[in-house]
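In the block that follows, a single chain appears as structure tokens, in the form predicted alone.
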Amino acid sequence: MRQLKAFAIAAAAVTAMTVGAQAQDKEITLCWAAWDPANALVELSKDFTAQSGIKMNFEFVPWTNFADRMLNELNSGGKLCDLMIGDSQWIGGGATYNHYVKLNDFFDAEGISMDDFLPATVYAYSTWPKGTPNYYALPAMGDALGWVYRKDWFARPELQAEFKDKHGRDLAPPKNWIELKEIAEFFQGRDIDGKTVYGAAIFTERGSEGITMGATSALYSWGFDYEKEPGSYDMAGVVNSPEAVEALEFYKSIYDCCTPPGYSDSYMVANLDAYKSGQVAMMMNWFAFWPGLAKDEAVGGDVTGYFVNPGQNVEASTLGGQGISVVAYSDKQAEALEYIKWFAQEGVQKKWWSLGGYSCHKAVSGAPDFADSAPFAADFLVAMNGVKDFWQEPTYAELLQSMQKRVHDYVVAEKGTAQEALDKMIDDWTITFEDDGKL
């Protein structure tokens, strides 16, 4: 009996070792952009590997090359990525061209409810056609464009007094774009601690998406829209409305008056560098960077303050953020879906926020203490309640390239007028939609 018992124990041990080895043999690759939240996700995903035995590999690409690299991967049917955290604008192409696995049946089977996530993120990151209950991603990383400012500079009594004497109000975060420009002009070329500083770091980059994301932060605040009625593709009078022209002119005026010298091709990293090095009083960038900025030795803590994208005619913010999708060409869809199931858990989402990711789960952002959990948490909630996104059409890349060109030509290259830029953009977009059979 003792021999039989010993044999049984040994057999069980061998079986356990075999199962463990099989689990360790499993691995999947998650593709995303190379930035601070990706590093946080690597740390978070260690828990998934510990629980599932599935090894996680990561393919992170710098933002300036992210779209080209990953859209080429999807369009070619590549097998590099099992999971893709793709931009919100890719969801239309991901669904239409069958790059992403439709997740409805999986969500139903696993009891994953989209009602547990912020409505704006479900709409923007998960659905196609927009607003329908057809899900191709789980909201993964909430994000919006926001602003930071040198709180320590704003608090200086002599600057407070000078600004109030000039403008009749306190030197404080701007409530609208006019106030933002006044503050930027106030700091432009000023001497701060023996160093010449400048008003604002804004997005001007031509190559990927930078100037579009920057300019729309103004356009949306003036009430810009893409079409008269959703799905109509009727753009005349809204894309090139008087309000849109005024907004684009205003964005250019900030570029002309109040940015550092030679600031003609800047995006996320350039703005962070300008701010961290003490060159500018204010910076636009994505909320995703705020956790890292808050801990930065040079500008963290009480040095930096945060504010939501200023309104003008309306309160609005440019949407960032992404959903996580299972790539249809993957041979490891079962393991990828297991990761989705794990990531959707409330406890995992809470840890995601604590590590520097922006959870879209209501149990996290809706918690009574969320607004006080970080100096930028309350602003994040405000921003996400007023986000607008670029076209999410399957032809997104062509539409974006056109806007990049037209806006950069006007704002940076001094070509033509704002009205001409927006008129030409409508012409470009009309051709794209006609070629796609939408018009």
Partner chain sequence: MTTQTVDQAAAAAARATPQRIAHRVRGLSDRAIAWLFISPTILLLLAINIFPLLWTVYLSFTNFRANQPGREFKWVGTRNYERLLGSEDIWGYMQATAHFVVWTMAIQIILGLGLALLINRAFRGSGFWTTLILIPMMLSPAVVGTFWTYLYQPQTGIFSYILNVFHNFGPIDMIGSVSLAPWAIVIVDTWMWTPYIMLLCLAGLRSIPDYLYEAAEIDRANWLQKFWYITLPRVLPFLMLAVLFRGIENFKMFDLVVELTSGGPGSTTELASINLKREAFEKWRTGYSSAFAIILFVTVFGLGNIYVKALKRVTS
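Note that the structure is a prediction, hence the values are computed from the model and not measured. Positions refer to the first chain, counted from 1.
The following text describes the form predicted in complex with the partner chain, which does not appear among the structures shown.
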Do Q279 and the partner chain share at least one heavy atom pair within 4.5 Å in the model of the complex? yes
Can you tell me whether K405 touches the partner chain? I mean in the model of the complex, with a 4.5 angstroms heavy atom cut-off. yes
Check whether K341 has any heavy atom within 4.5 Å of a heavy atom of the partner chain in the model of the complex, and answer yes or no. no
Y198 versus the partner chain, in the model of the complex: is there a non-hydrogen atom within 4.5 Å? yes
At 4.5 Å by heavy atoms, is each residue in N75, V412 and D436 next to the partner chain in the model of the complex? yes
Which of 392 to 400, 371 to 379, 30 to 38, 52 to 60 has heavy atoms within 4.5 Å of the partner chain in the model of the complex? 392 to 400
Could you tell me which one of P261, P157, G168, G194 places a heavy atom within 4.5 Å of the partner chain in the model of the complex? P261
Just give me the single entry in K252, K102, R206, R150 that has a non-hydrogen atom within 4.5 angstroms of the partner chain in the model of the complex. R206
